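There is one chain below, alone, in structure tokens, taken in the form predicted on its own.
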Amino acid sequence: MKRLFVLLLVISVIMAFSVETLVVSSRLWTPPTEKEFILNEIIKPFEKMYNVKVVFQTMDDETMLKQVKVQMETGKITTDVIIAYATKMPEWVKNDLVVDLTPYVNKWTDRHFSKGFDSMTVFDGKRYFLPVGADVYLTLINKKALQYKPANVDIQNLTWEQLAEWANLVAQGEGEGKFAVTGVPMKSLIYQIGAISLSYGGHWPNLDNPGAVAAWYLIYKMKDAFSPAVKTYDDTRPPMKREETWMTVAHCARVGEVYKSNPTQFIIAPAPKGPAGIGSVAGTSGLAIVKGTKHFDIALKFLEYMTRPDIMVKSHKGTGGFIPPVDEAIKYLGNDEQDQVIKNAIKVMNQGVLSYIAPIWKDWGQVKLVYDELFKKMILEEGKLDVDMLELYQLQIDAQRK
């Protein structure tokens, strides 16, 4: 009897100290600095608030999807919450892998998700994903470039023609180009050129339309403005931080990180505009709960916590300057460096000519490679605008349609 009493006591002690564990897999916040901030400043308070343990793991969209499919097929579901990119969301819904959150979210009266992302996160009137971490492109200028700025150029209201002229003057004055794009294949070049194409009315990512040709003509005119080391850049942050390059148009959170590193040396602005307006590729990631999770209640609490307007602003400011896609978040913005990044990004989102990666591609990486190869061959090597080459590469893009 005494042994039984001791055993029951041990069990009760273990249960008293056992902590429920929530497994969250995310394609967002993969850079080490971003992940560290989310773990320490956002997730730890949640763990303390609800006395739970959160295992936060980052991985690419395809790996995350395959992993959960296997868990579903084997009946061993260990992932509770996922954060997926907009382009992948239809596959999650189509394969019946995530929970319809509509009846739960409708009770949250203190937040309204930005309508601009409904086309990506709501399917057949049902909200499966809660948008988080939206992004657009912004302009970043090192003040060293100001000595070459053409007269009457308003940095906060730049046109692509003005930026190209300015970048060329910098190159002439310094003896080498100081404009940064990602020249390493499979990075963000397609989005940087996409911003130009959209501002000229192009049907991005297609190449066989007047807007796209106008964009490539502008890039051709900037052929001497790119940094000599541009083919080694897989990210524009390091050369901008090293001040090896002075100008770029890049992802808002990456721009925010550079700006935060030395706000007295940099100027941020919306992406430049063209005849059609401010062009930018936009996107968002989304939170969802995996069907069959054994931890549904705490998973729902996690989603409710992560999408609180004040938490959205805190997490998005701390990770560089993503756009919080909750309308009520704006009132939590102030006037510090990261607030300025987010305000500029919101301006692009609200006023810009936007496009996003539609879920129509067999292999988006192959589409990205078309832009990488065109830039390398046509601009950096041959230094010309070749419309026939654009039409030829369009065939490769067409071949990737589902």
Partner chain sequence: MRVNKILKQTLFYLVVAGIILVILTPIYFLVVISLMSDQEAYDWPTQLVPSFFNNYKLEIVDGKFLISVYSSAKKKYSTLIKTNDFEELQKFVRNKTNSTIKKGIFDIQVKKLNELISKNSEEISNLRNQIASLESKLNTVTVNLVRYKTQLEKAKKANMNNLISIINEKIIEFENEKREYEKQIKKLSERLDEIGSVKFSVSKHLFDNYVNFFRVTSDALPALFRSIQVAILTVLISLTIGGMAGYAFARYNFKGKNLLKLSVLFVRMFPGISIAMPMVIILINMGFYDKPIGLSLVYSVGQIGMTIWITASIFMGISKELEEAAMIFGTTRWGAFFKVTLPLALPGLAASAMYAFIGSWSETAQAIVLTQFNPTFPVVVYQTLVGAKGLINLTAAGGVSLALPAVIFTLIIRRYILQMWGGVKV
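Residue numbers count along the first chain shown, from 1. C-alpha atoms forming the largest set that superposes within 1.5 Å between two forms make up the rigid core. Just so it is clear, the model here is predicted, and its values are computed rather than measured.
Omitted from view is the form predicted in complex with the partner chain, to which the following refers.
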The stretch from 298-306, 166-174, 269-277, 210-218 that lies within 4.5 Å of the partner chain in the predicted bound form, judged by heavy atoms, is 166-174
Which residue among 206, 87, 71, 159 has a heavy atom within 4.5 angstroms of the partner chain in the predicted bound form? 71
Contact flag, residue 47 vs the partner chain in the predicted bound form, heavy atom cut 4.5 Å: no
Using a 4.5 Å heavy atom cut-off, state whether residue 150 contacts the partner chain in the predicted bound form. yes
Residue 63: touches the partner chain in the predicted bound form, heavy atom cutoff 4.5 angstroms: yes
Is there a heavy atom of residue 339 no more than 4.5 Å from a heavy atom of the partner chain in the predicted bound form? no
In the predicted bound form, does each of 194, 310 and 315 have a heavy atom within 4.5 Å of the partner chain? no
Can you tell me which bits of 84-101 touch the partner chain in the predicted bound form, meaning any heavy atom within 4.5 Å? none
Superposing on the rigid core, do we see a C-alpha displacement of 2 Å or more at residue 367 between this form and the one not shown? no
CA of residue 58, rigid core aligned, shift of 2 Å or more between this form and the one not shown: yes
When the rigid core is used for the superposition, does residue 92 move between this form and the one not shown (threshold: C-alpha shift of 2 Å or more)? yes
